[in-house]
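Here you get one chain, nothing else, as structure tokens; it is the form predicted on its own.
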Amino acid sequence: MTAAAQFIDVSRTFGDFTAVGSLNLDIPEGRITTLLGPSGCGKTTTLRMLAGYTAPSSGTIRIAGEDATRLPPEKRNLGMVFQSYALFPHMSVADNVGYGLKLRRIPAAERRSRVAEALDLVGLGHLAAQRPRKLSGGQQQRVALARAIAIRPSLLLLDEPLSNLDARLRVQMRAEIRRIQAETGLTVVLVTHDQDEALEMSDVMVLMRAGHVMQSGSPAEVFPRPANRFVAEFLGYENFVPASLSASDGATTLTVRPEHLEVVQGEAPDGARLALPATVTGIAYRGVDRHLTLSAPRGEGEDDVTLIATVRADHSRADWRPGDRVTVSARPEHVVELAD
């Protein structure tokens, strides 16, 4: 797969603090790559280095095969959408979208054509004469997207672009960005701390921690097989069982998602990879399912292991109670072995 951009041994330090350390990363052309992780993990610094707003302390950044490490932002042909949208309130929607084209001295006739094309792409052609203050948050986001797209960038960079929207609009805009990317073939780099957003939108997910890449790959590769406990926890795995409680070669910890734990009274099903005696300690009814908290003994003098199971309400006992003794199990395909 062709790389639209590359980070080669790129580091960025601020005094004694290393924001990004020895980053090696290829951004595939014509795909959506997400940089995912908690605050302070280095994802925004990585995006800003790609955009040219922050210079790396060491290493090389290539864009379309060319060394862009010291190239100023205006020479990189990148479109960027910020968390705040950064629209000019005194300008019309059309003038906002055409602003980057005007800076590039695109002739007026072509500028009008490209503004109209970009606004049609985001479904806002009918609002070209409006001012940003008259628009909803979702519409302002679309204007910011149209402005970034109008310059026909080699890469589109999105820095937490949906975090200011309510939940319903966030879901709508995820689909909208996917549609626009599919229609245009743009290479997109998206920074987010939202695992659901990354899973839904990514072709490639890059999980970062403390300035380093913990794991990368497609959502279908990463989600069922997290590389380490940090990735597992970030992606919503809640159950971590010492491998010593179940026969395992090489692993120190086993992890299973709550929806993949089976809770029964009596023996575990045949073929179970993990089977532990446990006691129900808490129950939360949530309509379609029950959220069970359980405690499994670890051994003499050691704290019990707390487990979380999500059990379908229509397939589970109606009378689970705290204190019930049960068996918690998981099938082999649902158990992930972690070496750390």
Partner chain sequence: MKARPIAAALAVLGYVIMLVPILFVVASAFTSSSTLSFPPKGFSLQWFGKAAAYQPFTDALVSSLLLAGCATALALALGVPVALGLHRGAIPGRSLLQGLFLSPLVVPELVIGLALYQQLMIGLGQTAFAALLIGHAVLLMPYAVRVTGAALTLADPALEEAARGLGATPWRAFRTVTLPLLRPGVMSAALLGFITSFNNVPLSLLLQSRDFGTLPVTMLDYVQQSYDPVIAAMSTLILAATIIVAVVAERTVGFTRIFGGIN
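All figures in this text were calculated on a predicted structure; none of them were measured in a lab. Residue numbers count along the first chain shown, from 1.
The same protein also has a form predicted together with the partner chain, omitted here; what follows describes it.
Judged by heavy atoms within 4.5 Å of the partner chain in the predicted complex, the contact stretch among the candidates 66 to 74, 268 to 276, 32 to 40, 284 to 292 is 66 to 74. Out of the listed residues 182, 86, 109, 167, 86 is the one that sits within 4.5 Å of the partner chain in the predicted complex by at least one heavy atom. Between the options 175, 220, 103, 129, the residue in contact with the partner chain in the predicted complex by a heavy atom within 4.5 angstroms is 103. In the predicted complex, the partner chain lies within 4.5 Å of some heavy atom of residue 151.
Among residues of the shown chain, residue 240 is not one whose heavy atoms approach the partner chain to within 4.5 Å in the predicted complex. Residue contact with the partner chain in the predicted complex: residue 147 places a heavy atom within 4.5 Å of it. Among residues of the shown chain, residue 78 is one whose heavy atoms approach the partner chain to within 4.5 Å in the predicted complex. For the stretch 35 to 65, the set of residues having any non-hydrogen atom within 4.5 angstroms of the partner chain in the predicted complex comprises 48, 53, in sequence order.
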